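Next up: the same protein chain in two forms, each one alone, written as structure tokens (structure 1, then structure 2).
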Structure 1
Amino acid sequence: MSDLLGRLRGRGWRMTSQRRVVAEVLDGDHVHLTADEVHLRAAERLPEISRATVYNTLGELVVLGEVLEVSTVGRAKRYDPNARRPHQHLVCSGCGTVRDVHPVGNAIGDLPEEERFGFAVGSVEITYRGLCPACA
């Protein structure tokens, strides 16, 4: 995330106070926020920022590859600013907490050739589910 503003400028994007604030929220220590959580935190700094702008900016950051969308089961999408280091997720089935994890295997290699059906497999997404100590 660190030089996101510079990269945006490099792509000819206007630097607005709204985009700056959204980037700052994502750059903080809070990870895996929903769009509305990002909006809430952004509005603490810039009270008039709109929901639509937060959605727009998040979508742009996803296309840029600066932020990842984390799919959830029936709940709101979560946005992951840790796009630099490949990782997977450990999710608590009780409270919904999401933690980054780094499994050691090679999941793509584990998919047999005869089960690839001619696909060009480009990525793997792994979600570990369980109960955190507090919810157990």
Structure 2
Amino acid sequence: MSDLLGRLRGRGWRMTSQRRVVAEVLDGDHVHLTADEVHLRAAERLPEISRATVYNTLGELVVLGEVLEVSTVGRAKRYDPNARRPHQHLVCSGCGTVRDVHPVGNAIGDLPEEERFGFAVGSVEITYRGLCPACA
């Protein structure tokens, strides 16, 4: 059973065949699929699944905090099932490939107090951009 499926079962999330296939498609360490890509892969396993069901399921997973919605400038949103391990993203400016990265250090702690402007900083999202080997 995938990590995502296990977490969802642990929460008591009603596991319909459509929800299950969406969760299975999202399984993996560096999976960052668009909703259309999720629908395409889900339809290979469950031909009757609708695009609306995929979008609704992804929306529910984001609200539950089980999947992260990753926005990249000028491209479709991508969905990241790695919501439990703190990480940042490395995005190819050419093809849009997204990879999880785990930089060392403490991004919140590294922000000087005078640069916080009184904010109580609770989280950080850093996106590294560059060209992947295929686009370089």
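What we label the rigid core is the largest C-alpha set whose atoms superpose within 1.5 Å from one form to the other. Start at 1 and count along the sequence of structure 1; that gives the residue numbers used here. Predicted, not measured: the structure shown is a model, and the values here were computed from it.
- Matching each structure to its source, the form predicted in complex with a further copy of the same chain turns out to be structure 1.
- With a cut-off of 2 Å and the rigid core superposed, Ile126 has a Cα displacement that falls short of the cut-off between structures 1 and 2.
- Overlaying the rigid core between structures 1 and 2 leaves the Cα of Gly10 displaced by 6.3 angstrom.
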